[in-house]
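Just the one chain here, the form predicted on its own, laid out as structure tokens.
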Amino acid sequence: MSGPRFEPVRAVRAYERVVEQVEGAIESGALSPGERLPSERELMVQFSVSRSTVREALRVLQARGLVRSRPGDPNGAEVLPFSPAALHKSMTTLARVSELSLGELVQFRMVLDSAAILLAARLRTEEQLAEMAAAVERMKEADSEAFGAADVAFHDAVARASGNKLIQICTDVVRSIVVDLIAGKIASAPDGEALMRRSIGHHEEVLAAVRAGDGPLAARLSRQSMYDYYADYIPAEERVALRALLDYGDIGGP
């Protein structure tokens, strides 16, 4: 007899239901930052669960950066304001456990950097422009270890100049994961010096375009720079997607 195939049912632990309801109340605004949850005893009554279940739920909520909880606190756990650090942690976990390929991560970096540079070319202050220029100068003077820090400083300055907090957080997360994945390969590359010189040249071109307010040009140069830096570490079949971004006029329109 044929019929629909059903998937096995996963048993849901009680603490997960408690977490879901508290998360829902925070997301809907029913619970605001600074407010407190009921005490552990009151939560046990409202959810009709044991103290160990309540405490496990509070541990999960605290690990997610949603509340600050002290066992036995008669005032209950405090709802925390949104934290970029919490989002940073969540995105890092997501990227690692999802086994994203290096090609996918670099492609996303190309998109993020393009968006950041388009905005930075239009919105940057003279002070932010000076930060970018200082980072490029440090790249010229740096050894291989300090070079990476100066490169990070340049892209951080660009991300801040974009004025978009989510771009800043995503850029930081994706960059750190990519760097972790290939740090050893870059360090042992036989043409490391040439790679650094080529990267400095690209950064100088990007900086000049940002200074001139030419966002589309700066974005294209940035994508090319990233492609040149990472392409050799990415399987040939994944480079097609990266080249598709190189051929695109600017992120947000052809």
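Position 1 is the first residue in the sequence shown; the rest follow in order. Treat the numbers as computed from the prediction; the structure is a model and nothing was measured. Just so we're on the same page, rigid core means the largest C-alpha set that superposes within 1.5 Å between forms.
Below, we turn to the form predicted in complex with the DNA, even though it does not appear here.
Engineer: Considering non-hydrogen atoms and a 4.5 Å limit, does the DNA approach residue 202 in the predicted complex?
Structural biologist: No - in the predicted complex, heavy atoms of residue 202 and the DNA never come within 4.5 Å of each other.
Engineer: Please determine whether residue 180 contacts the DNA in the predicted complex, using a 4.5 Å cut-off between heavy atoms.
Structural biologist: No, residue 180 is distant from the partner.
Engineer: For residue 28, is any heavy atom within 4.5 Å of the DNA in the predicted complex, or not?
Structural biologist: No - in the predicted complex, heavy atoms of residue 28 and the DNA never come within 4.5 Å of each other.
Engineer: Is residue 76 close to the DNA in the predicted complex, meaning a heavy atom pair under 4.5 Å apart or at it?
Structural biologist: Contact with the DNA, yes.
Engineer: Taking 88, 92 and 109 as the candidate spot, are all three within 4.5 angstroms of the DNA in the predicted complex by heavy atoms?
Structural biologist: No, none of 88, 92 and 109 comes within 4.5 Å of the DNA in the predicted complex.
Engineer: If the cut-off is 4.5 angstroms on heavy atoms, which of these, 64, 70, 198, 211, is the one near the DNA in the predicted complex?
Structural biologist: Looking at 64, 70, 198, 211 one by one, just 70 meets the 4.5 Å heavy-atom criterion.
Engineer: Need the contact residues for 47-66: heavy atom within 4.5 Å of the DNA in the predicted complex, sequence order, or none if there are none.
Structural biologist: Result: 48, 49, 50, 51, 52, 53, 55, 56, 59.
Engineer: Take the rigid core as the frame of reference and indicate whether the C-alpha of residue 78 shifts by 2 Å or more between this form and the one not shown.
Structural biologist: Yes; residue 78 is a residue whose C-alpha shifts (by 2 Å or more) between this form and the one not shown when the cores are overlaid.
Engineer: Taking the rigid core as the reference frame, is the Cα of residue 18 displaced by 2 Å or more between this form and the one not shown?
Structural biologist: Yes; residue 18 is a residue whose C-alpha shifts (by 2 Å or more) between this form and the one not shown when the cores are overlaid.
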